[in-house]
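This document opens with one chain alone, in structure tokens, the form predicted alone.
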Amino acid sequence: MSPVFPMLTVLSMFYYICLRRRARTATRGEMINSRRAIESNSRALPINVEVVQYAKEVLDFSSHYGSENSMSYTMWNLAGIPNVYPSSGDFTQTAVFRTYGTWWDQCPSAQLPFKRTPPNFYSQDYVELAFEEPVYPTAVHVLETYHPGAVIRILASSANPYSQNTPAEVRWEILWSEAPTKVNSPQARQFTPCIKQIDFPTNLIRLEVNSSLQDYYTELDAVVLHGVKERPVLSLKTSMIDMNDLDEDDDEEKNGCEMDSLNKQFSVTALREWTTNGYFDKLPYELIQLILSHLTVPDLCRLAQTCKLLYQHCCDPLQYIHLSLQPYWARINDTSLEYLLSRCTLVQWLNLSWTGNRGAISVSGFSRFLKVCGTELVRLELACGHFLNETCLEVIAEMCPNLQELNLSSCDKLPPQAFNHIAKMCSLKRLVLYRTKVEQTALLSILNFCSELQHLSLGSCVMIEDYDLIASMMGAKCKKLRTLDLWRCKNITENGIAELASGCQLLEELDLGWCPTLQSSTGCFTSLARKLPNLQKLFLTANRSVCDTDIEELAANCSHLRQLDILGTRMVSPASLRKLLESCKDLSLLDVSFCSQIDNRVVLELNASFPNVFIKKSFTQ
């Protein structure tokens, strides 16, 4: 036998061993790439026909610029085919959220942020859209017609809003997510991010937005969902692929945290050698608590599983004084609240906004949580909490004796009679009832008994019949009122304004935007300027009667004014605006959109003379 053959045999065995070793030590990315190479050579099954559909219905949203009784600037404009696109500009037929920029964070009504908010949670508003047919998404197109760039997250749900069967579990998967970015052009665009494939069909899409970098209101016209009816699959030759490898990223998103797996940080051998708590038990208790205070809630829950000492620290109620569960809205349910129950006995600030919808939180689960954790509660955020009913508000009134701030913004499913229980919360200093069904009788009772109120939002509360009576009660009972939102209240007159200005002279912020019954000729705006010298924010949006006299009175009496919106007036001249800008040195925002006497040339001149003031001038193409 020739000596060459044994040599070849040895080389072959060596080569085989090297291949096996490389296969064992290959990174996950290399393994997936090699498997994708196998996939590319395999025979694919027939391609599904792609379904293209516009939103059939708007199911839910957190806010909108428009009225509850019309279509102008409302989220409902997102249903159906485009109304405006590809035109650019400010159009009433589009969907517009309530705020933009950071202006609302700089107002007297602004609230302190919650600690421990995950750094990758940017969402400020949302809208949920239903489509006719469930599909496996291949693309989502968002048609933006004015100041694009606010959409920062797109999600898909496993729940079919048109199905008669209630699912045992509702899954939400992130199709695409990105930090807020500045788009320099206000022109229309079709936004088509690269989305992730999911393993279930969907006809429920959710857009989340952050408008903090926008120069003006973002306007959306339509959303298009592309998808296939059958789940895309490959032939049986690809069965060798380990789906656990491919789904690892999905599991990390479900965990809602970017913390790497402990297995990546510590080897199994090292963990076995750690028979004690290391050096942690040498540190003062307070120091460990301080270190842990910088962790998010999911991180605390993970860390609690590492050792008994850290379990004790992570379960200490002092770690949960301020608890915001809004960033984890898609995963919060009765089980979550039960798990947190023993840790939240000292909670003072609690944010459950956006959580619990579609049966995730039950009335009994919420009530049980508050009965244990409500004693020390000072601030409770429940915006868009559609699981709430009258029983929930009754429990809040009974179990939260120290409550000072209550946010029920866009809880539009709450029945009118539920609001009667708020009158029992006599320590309230802040109450947000934006887009709720609160009625006049309940509101009068609230104002009568909650005399400590400093911040009150009644924007878009369409069930109130007589706002003059409400304003009169505020003037008589709410002497400490500092901020008041009456956005789109339809029937307040100069009589109500007079009562309000006389009784609530500490007011620093007043929103009278889109209040059509107020007329400058009655002297109501002059009265406001003279009696409310502390005003920092005044919105008179879309009141066509505002005139030079009103602007001059503001200039003479409201030297602390920072934000003024007079969009849509025909009676204000450049001269009065210049006088205002010269007198109000702190003015930083001035909206003169659609003011017929203030053209682009005037805006440029004023910008040159007052560079520290952001003068907004909207346009329609």
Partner chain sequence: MFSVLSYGRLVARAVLGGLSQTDSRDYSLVTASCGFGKDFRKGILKKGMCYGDDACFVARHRSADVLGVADGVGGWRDYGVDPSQFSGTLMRTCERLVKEGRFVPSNPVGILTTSYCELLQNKVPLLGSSTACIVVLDRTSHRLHTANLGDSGFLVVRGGEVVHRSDEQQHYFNTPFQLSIAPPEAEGVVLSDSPDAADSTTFDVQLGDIILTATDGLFDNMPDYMILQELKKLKNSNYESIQQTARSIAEQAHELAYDPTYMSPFAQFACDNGLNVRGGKPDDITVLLSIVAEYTD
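What you are looking at is a predicted structure, and each value in this text was computed from that prediction instead of being measured. Positions refer to the first chain, counted from 1.
The discussion below concerns the form predicted in complex with the partner chain, not included here.
- If you check the partner chain in the predicted complex, you find no heavy atom from any of S123, L325 and F366 within 4.5 Å.
- None of S72, N491, Q190, Q348 but one reaches within 4.5 angstroms of the partner chain in the predicted complex through a heavy atom, and that residue is S72.
- The listed set Q289, T335, Q93, S427 contains one residue whose heavy atoms approach the partner chain in the predicted complex to within 4.5 Å, identified as Q93.
- Contact annotation for P574: none of its heavy atoms lies within 4.5 Å of the partner chain in the predicted complex.
- The partner chain is not drawn, but in the predicted complex it has no heavy atom within 4.5 Å of L59.
- In the predicted complex, none of the heavy atoms of H560 sits within 4.5 Å of a heavy atom of the partner chain.
- Proximity of F594 to the partner chain in the predicted complex falls within the 4.5 Å heavy atom cutoff.
- Stretch 212-220 is the contacting one of 135-143, 196-204, 212-220, 299-307, since its residues have non-hydrogen atoms within 4.5 Å of the partner chain in the predicted complex.
- Along 555-574, residues L567, G568, R570, M571 each place a heavy atom within 4.5 Å of the partner chain in the predicted complex.
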